[in-house]
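First, one chain by itself: the form predicted alone, in structure tokens.
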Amino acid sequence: MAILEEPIKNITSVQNYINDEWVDSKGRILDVVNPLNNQVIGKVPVSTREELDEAVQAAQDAFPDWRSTPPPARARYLFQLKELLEENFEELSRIQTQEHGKTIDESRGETRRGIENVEVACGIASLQMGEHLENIATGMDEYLVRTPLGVFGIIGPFNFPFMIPLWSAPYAVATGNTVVIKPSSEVPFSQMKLAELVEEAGFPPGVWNVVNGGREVVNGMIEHPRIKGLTFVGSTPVAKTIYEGCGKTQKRVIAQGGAKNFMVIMPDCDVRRTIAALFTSFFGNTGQRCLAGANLIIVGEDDKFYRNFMDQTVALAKKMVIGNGLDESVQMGPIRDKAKKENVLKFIESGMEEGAKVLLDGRNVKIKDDYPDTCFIGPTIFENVELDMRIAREEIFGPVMSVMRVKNLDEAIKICNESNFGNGDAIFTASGNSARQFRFEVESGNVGINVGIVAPMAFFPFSGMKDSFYGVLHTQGKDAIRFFTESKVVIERWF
């Protein structure tokens, strides 16, 4: 395979996948643009409420038989899907890079993390087991059964088009539910390819459905009486709206929002390894990651340590190779689209206006092979950042590092906890005492100790606190099993 080979070679029209059939939408059509060169690579429909209703009806009709399918039999479909995902691993990864812009290594990581969720869900025969206690009273036994609920909606974001729907869908269908997935219209090809593999794996009609669209489909999911619950990953304002909407329509919901993650640097850290970890945390996926580092807090008053640390960080960032994500030598691709780049530029301008010092300006970045700079922006590093500045408080969703200094760890934790977000904070230190204090006191759903991207494995929940998460249970692992089932308790006596 050529190093720059693109899996989407012609302008491809995306269809909905409903009841094991590929169907054209009656809705208006949008362009899908490759952020590398701003060229149209596809057409995606904005589906209607009626088309969502058709998908939900298909899922509802499929539910009784699917629920009655024994868990080991349901797992066999997932095993088959897992094998097909492995066989198509490279194509899936290249699709992500072409439609999103991320580097091929980042896409391969996303593909692997998605497959891992399918792998975990394959253990449903054990994961869905209930509980039992005999003789709770004389001649009486009691047991708990985890029973599926029906149809679930899954709303995917643009930044991880393949992986994030797989935080939910495998667990939903493994537990006996059926699903309707709505991908982001900006990046529909990953879920289109996934649905093709679901079809090839032989899932019964109606168990797995995909409806492309926008706000109308999302609102339809919130309001639809036959949808039992929703999972969502995206911005905090939308997450909050979905959470409130599901409350009004009595749906269970997992709504994961935005972030403003803090990376705390202690003076006893391993500098070389720490900077390498920060490199991927702040600038990986072009900063378009809810677990991306945003604010760097350097602890202590040692100016020599601070200057040495920042000089090495800036020097490494300056060497980043930026360009076509399918090029194996490239370390950072473009922002997803021009509007998102413009938003990042506004934050950079805001930081300068509010008095932060620019150590590295990514606005005039050199792009390998001279691709148009429409969606490209390079690593940007500010120092002398104050907590009341916009760049310190608001989610930028781009490759921008804001550096602060504090006297001690107590002050660093206080700054972390004053943020409205609580998604993925981390500390870098050689001290077990400092690490334990940080882990114990910081208000963050995911906590890193010498780890820059605090991404839980598929068998742990993807957590979150404050404005980064609305709900009770989370995606992935045992939390997902509980979310997609109800606890039916049976109290039994025989005469």
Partner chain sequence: MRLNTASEVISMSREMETAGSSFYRELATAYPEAGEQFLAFAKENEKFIAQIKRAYYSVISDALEGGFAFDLDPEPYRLKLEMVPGISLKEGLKKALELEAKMVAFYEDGAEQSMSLMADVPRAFKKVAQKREQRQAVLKGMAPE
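Source: prediction; values computed, not measured. Positions refer to the first chain, counted from 1.
If you look for the form predicted in complex with the partner chain, you will not find it shown, but the lines that follow are about it.
Just one listed stretch, out of 71-79, 257-265, 273-281, 238-246, contacts the partner chain in the model of the complex at the 4.5 Å heavy atom level, and that stretch is 273-281.
Checked against the partner chain in the model of the complex, the residues E328, D303, E353, E418 give one hit for a heavy atom within 4.5 Å, which is E328. Interface residue among E216, E223, E90, E411 relative to the partner chain in the model of the complex, by the heavy atom within 4.5 Å criterion: E90. Using a 4.5 angstroms threshold between heavy atoms, G109 counts as touching the partner chain in the model of the complex. Although the partner is absent here, M140 sits far enough away that none of its heavy atoms falls within 4.5 Å of the partner chain in the model of the complex. Although the partner is absent here, E200 is not a contact residue: none of its heavy atoms lies within 4.5 angstroms of the partner chain in the model of the complex.
Contact annotation: A195 falls outside 4.5 Å of the partner chain in the model of the complex, judged by heavy atom distances.
Contact check for M163, V321 and I453: all three have a heavy atom within 4.5 Å of the partner chain in the model of the complex.
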